[in-house]
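Take a look at this one chain, the form predicted alone, written out in structure tokens.
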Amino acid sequence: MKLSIFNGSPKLGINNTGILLESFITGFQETPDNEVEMIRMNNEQSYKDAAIRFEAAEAVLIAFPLYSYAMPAGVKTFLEQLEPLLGKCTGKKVGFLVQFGFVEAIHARGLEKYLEHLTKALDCDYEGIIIKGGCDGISRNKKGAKKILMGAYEIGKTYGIEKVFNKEQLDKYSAPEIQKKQNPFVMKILFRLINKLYWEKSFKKNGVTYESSFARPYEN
């Protein structure tokens, strides 16, 4: 089986989506004769080229990060390039991988419905979607993300053998669906610590003051 993987992370270098895909591919290629074609999408020309390669592909996995409940603009551009193929991709297998920083899978469920609708509009076989939250920073700390990466490997291994996604496996990997209610007082303290230790450090690194982070340039 030849799988064409489209990585839609807009980052030019190491990216969390790519790291998850590495684990998935390792599992997928454990089955003899499985092949992977990797297509990187992070500039205008690459989106156009990707659409051409999508048309020729046998089986497809489209992977990207979730930004504030939405796909990156470049991925949307790529999908819009597929309009001439609507209703013409009978038999093509298409699946998705979406990763993000929030822990709960529910953040990607709205997008999941859109992706499933799009796949059916193309007349492709919808394989399902790998959803994984809590992925912020795995590119900086692979050891700390061992469980996340192992899960991606196991999904890739199963897909490589069965040639379809195992829905029960996907649901288990995406958990938790929603976060349990936490003590408001504890969460308030926790968020203050996160802001101080993570965001203030990031602001300083990029020359942003804490006050300016609340700017609303388009408010008026």
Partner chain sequence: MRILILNGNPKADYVEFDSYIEDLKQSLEYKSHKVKNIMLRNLQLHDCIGCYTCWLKTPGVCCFNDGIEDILKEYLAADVVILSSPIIMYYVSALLKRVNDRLLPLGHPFLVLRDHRMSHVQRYNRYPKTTLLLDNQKEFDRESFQLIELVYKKSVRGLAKIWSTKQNVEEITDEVVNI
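Residue numbers count along the first chain shown, from 1. All figures in this text were calculated on a predicted structure; none of them were measured in a lab. Whichever C-alpha set is largest while still superposing within 1.5 Å between the two forms counts as the rigid core.
This next part talks about the form predicted in complex with the partner chain, which is not shown.
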{"property": "Contact at Ile52, Tyr126 and Ile161 by the partner chain in the predicted complex, all three, heavy atom at most 4.5 Å", "result": "no"}
{"property": "Contact test in the predicted complex: Ser68 vs the partner chain, heavy atoms, 4.5 Å", "result": "yes"}
{"property": "Interface membership of Glu168, the partner chain in the predicted complex, 4.5 Å heavy atom rule", "result": "no"}
{"property": "Partner contact for Ala175 in the predicted complex: the partner chain, 4.5 angstroms, heavy atom", "result": "no"}
{"property": "Heavy atom of Tyr47 within 4.5 Å of the partner chain in the predicted complex", "result": "yes"}
{"property": "Residue stretch of 149-157, 188-196, 23-31, 55-63 approaching the partner chain in the predicted complex, non-hydrogen atom distance within 4.5 Å", "result": "188-196"}
{"property": "Sequence-ordered residues of 81-114 touching the partner chain in the predicted complex, heavy atom within 4.5 Å", "result": "Leu82, Glu83, Leu86, Phe102, Val103, Glu104, Ile106, His107, Arg109, Gly110, Leu111, Lys113, Tyr114"}
{"property": "Threshold 2 Å Cα movement between the shown form and the other one at Lys204, rigid core reference", "result": "yes"}
{"property": "Direction of Cα pair change Lys147-Lys196 in the predicted complex, magnitude 3 angstroms or more", "result": "closer"}
{"property": "Shift in CA distance, Leu190 and Lys147, in the predicted complex relative to the form shown here, given it is 3 Å or more", "result": "closer"}
